Structures are given as C-alpha cells and as structure tokens.
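Below you'll find only one chain, the form predicted on its own, shown as structure tokens.
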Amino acid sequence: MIRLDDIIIQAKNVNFYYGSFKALIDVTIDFEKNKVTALIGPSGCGKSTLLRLLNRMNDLIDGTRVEGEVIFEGANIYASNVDPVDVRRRIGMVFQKPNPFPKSIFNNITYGPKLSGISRKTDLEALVERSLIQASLWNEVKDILSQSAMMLSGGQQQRLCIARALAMKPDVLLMDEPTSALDPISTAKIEELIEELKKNYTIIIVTHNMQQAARVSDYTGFFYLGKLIEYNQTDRLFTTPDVKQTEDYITGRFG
C-alpha cells in the first residue's frame, strides 16, 4: 500500500502491556512521510497507547513492557543504544489538553531549544518567529511575547503547544486528540494548520471524531480492543471498508 521508500515509521508485531494487561496485540502498521494518518476507534482500544509508543512516552509509566519493533528512519527506537530523549526530540507530541508552561510565550517556545544547546538571542528569536508562523499564531502574539502563555485562549494555547513542538525541529508530530477540548472555530484552525504542516512534517493524529479523521487524514487505522482491525487510505476506509467491523463502527452501529 505504501512504498518502502516513503515509510518513515514502521511498527512491527508490537505487543504492549500495562502490567499484566495487554493493551496492544500484534500491531503492524506503516506510516508514510508527509502524510496525515488518523487512528480511530472507541475509548480504550489502544490508539493513544500506540501513539505514545511511537516516541517512547510510555517509558515514563511504571510497569509497562513492549514487544516487537518500532523502526524510525531505519533504526529500532527500542534498541538498548537509543536515547529516548533524542527520539522525543525528533518525534514531537501535542496532547489532548493544551499544556503551556506557566512562563512567557517566548520562553515556552525556547525552553526545549535552550536545553539542547541553543543560546544566542538572535537564534532564539528567529526560532520563535518561525515556529509561531508555522503554527499560525505569530500575528496574534508577536506583540505580547513577554506575557504569560496562560492568558491565551484555549485554541491559542494549543497552537502554542504545536509551535513549541515544532521549535525542536522534529520529523514527525504526534497529536493526541488535539482539538477535543476546543470550540469549533479553534478546531477548524487546527485542522487547517494540520493540512499546512504536512508539507514539512509527518503527522499522526488520534481522534474520536470520525468526521475530523475524514477531513484531515490521508490514511486511517481503525483499532478495537488493542488490535488494528483495518488500515487503508482514508477515502477507501470510510466509503468501502474491507472489514464489516470497520463499517459497523463508522456507521455508528457500535462504539
């Protein structure tokens, strides 16, 4: 379905455990460069677990265990010689609820780059401007960069969190229900932003909103009880799914 040259991340035969609970069961999925892939399915089906697995965020949870491989640009990110901090720099993440730091807008964006060694003021200023432009927020905040990020609206805070992730110059951006806490206007702005960002980034988004998946994604994976039931181009999955269970879910018969 996806040419090998176009794949940026591959999950191969992945099983994932929270303690003794098996949250993902033998998941194999390829993610294409510069495309948007949506992961859909009912609550508790494993889609957010898979998302966090792709940049080793689950490492931060006690008692978890991974089997299988996650290949990112040719290397298994779970190999013993791989630094999870480097993985998270290259595979950024935006969470369900906006989570700006209680700092200025400027310092929110420069926090990560400063930790990674960027210190020249002109470099940081250029990085802030570039990241905010990419996140479609620059014109709204360029005159208030020294003010607290906490004073921004929810939608602005979420775009700031996207800018903060982009400031680390990742290859992939993971989004875990990025609009579920936002109003319809803010949601539309984030969706427009996703369409723009895929020119330069690979985006993987978890969403409960099937209309959103249909609007923003090129590929969609349907998960149920820890298994990947079907994965295909979004148009095809929504119009002529191969699996009856997929059809039942997207037509509202369950879930």
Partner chain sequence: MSRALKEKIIKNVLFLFALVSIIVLALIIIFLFMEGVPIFGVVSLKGFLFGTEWYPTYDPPEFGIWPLIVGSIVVTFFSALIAVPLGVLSAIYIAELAPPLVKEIFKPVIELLAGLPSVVLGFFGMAILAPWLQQTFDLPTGLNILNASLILALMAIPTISSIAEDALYSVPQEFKEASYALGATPFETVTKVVVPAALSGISTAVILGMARAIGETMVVLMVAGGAAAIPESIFDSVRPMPASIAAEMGEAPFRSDHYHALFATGIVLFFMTLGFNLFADYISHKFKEVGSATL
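Not measured: the values here are computed from a predicted model. Residue numbers count along the first chain shown, from 1.
Below, we turn to the form predicted in complex with its partner chain, even though it does not appear here.
> Which of these stretches, 127 to 135, 97 to 105, 68 to 76, 179 to 187, has heavy atoms within 4.5 Å of its partner chain in the predicted complex?
Stretch 97 to 105 is the one.
> Does any part of V85 reach within 4.5 Å of its partner chain in the predicted complex? Heavy atoms only, please.
Heavy-atom contact with its partner chain at 4.5 Å: present for V85.
> Closest heavy atom of S119 to its partner chain in the predicted complex, within 4.5 Å or not?
No.
> S153 near its partner chain in the predicted complex, any heavy atom under 4.5 Å?
Flag for S153 set to no.
> Spell out, yes or no, whether the shortest heavy atom distance between L197 and its partner chain in the predicted complex is within 4.5 Å.
Flag for L197 set to no.
> So in the predicted complex, are T49, G226 and K244 all sitting within 4.5 Å of its partner chain, heavy atoms only?
No, the candidate spot makes no contact with its partner chain.
> Could you pull out the residues of 107 to 131 that have any heavy atom within 4.5 Å of its partner chain in the predicted complex?
Result: N107, Y111, G112, L115.
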